[in-house]
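Just one chain follows, in the form predicted alone, and it is written as structure tokens.
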């Protein structure tokens, strides 16, 4: 058997990896000894040659090594079986209902680059790095044995794969089935399209935050901006909101909002507005509209550090306009799924918007993603979702 290639880290570049961060960047590598092919398993050592762990290598990526383990152990099918089993057992223990949940959350479950979502008896897989893509046949076999789904679908139609030198594609991996299905969430029925919906078909990470809107929504007039398929809208309606307006730029998303409302017998108090949420917020403010609750759940404004300055302006604008339309005693539910928009910065942006809007805020709840999207100490990127609930005074 050929000897495994060794990645030697530069001196002074080991602390972050030693503390558990799973990414080795190109600039942290001093030299590589031995032969390897992209996607192979390599050993990582510090500047003195001391063993630090193993991971898969891809010289085409700025993240040249994604760490799998800090132990001297073999990386084989059995290794992945143990990791996937632990991930599934964690969900079964902490979630009362695993009908719809994230089964594997990449680096946060110590399987870098792998996303697995469960929608009823269908699994959806994303392989976001070359290293895990090479193990995909074994991963599918393990998941088939572990969870016994009716079918498995791959959503590898994401641009990030191209940064790893991988092609985009999607399709069936196990079984043939209707990609549109209905899942239960918070006692509601939600239509999910695993073939064409965003990401893997539905944003499972906001499940608990969507339910959290209920105490604030009874008898309220609610504006749900960036509504997607209506998760927040449905929870507001079922809690007794007197009116909900869902806003999204996608006609397909709003069609799904209406379909989901009809499925749950909640259509009578729902209306939709198609368009850019920035424009619609501006129009509603100009018209002096008032809402007891406004939900802001935009897509990631800061996809990288370079876009953070523009993201700050975007978050400030939508929160400013929202606060101007909420009467005293109303509530603002504002979210950011941008990792680079750290919690303290996000709160500072909202506070700045409140100052300009001449409003005071009381922070009622500070929330994150659900437990099936775990946050791991040493890997700050795993804490990406912020959900702040404020009373507007």
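Residue numbers count along the first chain shown, from 1. It should be emphasised that the depicted structure is a prediction, and the values quoted were computed from it without experimental measurement.
Missing here is the form predicted in complex with S-adenosyl-L-homocysteine (SAH); even so, the following discussion is about that form.
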Open item on the list: For the three residues 80, 113 and 143, which mark the spot I'm curious about, does each lie within 4.5 Å of S-adenosyl-L-homocysteine (SAH) in the model of the complex through at least one heavy atom?
Closed with: no
TODO: Indicate whether residue 210 is a 4.5 Å heavy atom neighbour of S-adenosyl-L-homocysteine (SAH) in the model of the complex.
DONE: yes
Open item on the list: Please tell me whether any heavy atom belonging to residue 297 falls inside 4.5 Å of a heavy atom of S-adenosyl-L-homocysteine (SAH), as the geometry stands in the model of the complex.
Closed with: yes
Open item on the list: Using a 4.5 angstroms cut-off on non-hydrogen atoms, would residue 156 count as touching S-adenosyl-L-homocysteine (SAH) in the model of the complex?
Closed with: no
TODO: Using the partner position in the model of the complex, report whether residue 226 sits within 4.5 Å of S-adenosyl-L-homocysteine (SAH), counting heavy atoms only.
DONE: yes
Open item on the list: Given a 4.5 Å cut-off on heavy atoms, tell me which of 245-253, 319-327, 302-310, 105-113 is the interface stretch with S-adenosyl-L-homocysteine (SAH) in the model of the complex.
Closed with: 245-253
Open item on the list: Only one of 175, 184, 171, 275 gets a heavy atom within 4.5 Å of S-adenosyl-L-homocysteine (SAH) in the model of the complex. Which one?
Closed with: 275
TODO: Only one of 200, 217, 206, 129 comes within 4.5 Å of S-adenosyl-L-homocysteine (SAH) in the model of the complex by heavy atoms, so just point that one out.
DONE: 206
